[in-house]
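What follows is one chain in structure tokens, specifically the form predicted alone.
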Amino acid sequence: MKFSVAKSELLQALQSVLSVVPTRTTLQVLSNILLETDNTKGVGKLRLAATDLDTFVIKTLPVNVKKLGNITIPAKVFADIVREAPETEIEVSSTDTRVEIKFGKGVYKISGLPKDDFPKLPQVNLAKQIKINGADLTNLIRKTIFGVSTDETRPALNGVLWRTKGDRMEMVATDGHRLAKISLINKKLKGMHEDVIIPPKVLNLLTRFIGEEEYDVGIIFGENNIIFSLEDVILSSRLIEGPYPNFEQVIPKDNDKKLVADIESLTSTVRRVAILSNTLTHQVKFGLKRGAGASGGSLELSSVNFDLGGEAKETIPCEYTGEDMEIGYNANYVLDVLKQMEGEKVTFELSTSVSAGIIYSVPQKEGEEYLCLLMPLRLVE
């Protein structure tokens, strides 16, 4: 194998695949990346691939191919050499299990492993891909992924549920304390009725690769994996085995108390009051009071930290309908939810101090339905 390419282009490609290389592994080849040259139709290309066995990233970039071949080499060492190289052309060549990297007057040699030792790359049949808007996909992911559970005793909750219902596609994530659910109008996936549970790692990578670009993303659904096809990147991930819990039954339908507050004001106040909250529970108490008229009201946010001998209390105006009540929330969870809300106002639909509240912003984007559910904490007197 022998190819040459500009340092900046090679480094950018390496950074695309490095994120899935495991930091610790008992299988040495997983610390390597696969380099493979191709010269189909006279167009020289380099394919870089990395995996942790659950997720594959394959990046393709144009290079000057002088000799076809393949090898796997230590990812971190190779990236460090390329990163520290001057801005110039880099030539990489291999013989058996040795790789030589040249630039300027420098020559660096490292040992690699043959391609046969590397896990088999996923089969990508682009004829089967369904293309959907990348911005829509990013929106679905960002508004749900924060709710994924890290509790390994409930593996189905360790991923994001993605399903289609007629003319809509829906993503849901929950950890039992909070839930995020969003659905968008989308007719392209109509007919794909099976629910899939996708690990958050590949979804985070996907949003990073899509970035601010405006293009469609190809989706290929496999039996136990999912493949995302971007312009020059292929992402593949195993799916988490289901079934996903019946989340619909935990979303309350009869919450009769309604709080409407300014998102910016509520966010900044929760953040301040949380400074003196309990370091384990991060509890902030919401004290809700009706106004004298038909509308209006006040929201008192307070916290106590007995270890510091500290307490905080701050009141903001709001619109509140219902009986006066107090309810406690984990401030971090509240802030995670508020961060996703768009517009100027956020609505909390509540029932009692021990039951789930529904949170959403008004107005919603056209064609979008988004809500979050938050379980309260037991109030500490």
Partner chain sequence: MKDSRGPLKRVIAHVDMNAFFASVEQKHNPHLKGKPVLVCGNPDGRSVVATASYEARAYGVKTGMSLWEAKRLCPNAVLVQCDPEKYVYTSMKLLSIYKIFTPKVEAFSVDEAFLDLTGTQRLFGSPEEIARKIKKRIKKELGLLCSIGIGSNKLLAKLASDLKKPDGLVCLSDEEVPQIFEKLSVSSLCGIGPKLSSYLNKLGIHTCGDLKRYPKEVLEKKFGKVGLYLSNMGKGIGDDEVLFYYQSEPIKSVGHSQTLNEDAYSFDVIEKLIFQLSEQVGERLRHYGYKGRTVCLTLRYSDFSTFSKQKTLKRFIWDGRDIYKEAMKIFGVLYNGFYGIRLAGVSVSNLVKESFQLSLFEKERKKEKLLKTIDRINQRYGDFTITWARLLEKSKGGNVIPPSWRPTKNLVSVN
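Values in this document were obtained by computation on a predicted structure and should not be read as measured data. Positions refer to the first chain, counted from 1.
Keep in mind that the form predicted in complex with the partner chain is not shown, yet the notes after this line are about it.
Handout entry: H177, heavy atom within 4.5 angstroms of the partner chain in the predicted bound form
Key = Heavy-atom contact with the partner chain at 4.5 Å: present for H177.
Problem - is_contact(Q283, the partner chain) in the predicted bound form, heavy atom dist at most 4.5 Å - result: Yes.
Handout entry: Heavy atom of E214 within 4.5 Å of the partner chain in the predicted bound form
Key = Contact with the partner chain, no.
Practice task
Spell out, yes or no, whether the shortest heavy atom distance between G287 and the partner chain in the predicted bound form is within 4.5 Å.
Solution key: G287 lies outside the contact set for the partner chain.
Exercise for the section: Sort through L30, A312, A356, L61 and report the residue having a heavy atom within 4.5 Å of the partner chain in the predicted bound form. Expected result: That would be A356.
Exercise for the section: Could you work out which of P245, G106, G166, G296 is the residue within 4.5 angstroms of the partner chain in the predicted bound form, going by heavy atoms? Expected result: So the residue touching the partner chain in the predicted bound form, by this definition, is P245.
Handout entry: Segment that reaches the partner chain in the predicted bound form - one of 97-105, 82-90, 132-140, 153-161, heavy atoms within 4.5 Å
Key = Correct option: 153-161.
Handout entry: in the predicted bound form, residues of 325-350 near the partner chain [heavy atom within 4.5 Å]
Key = N330, Y333 sit within 4.5 Å of the partner.
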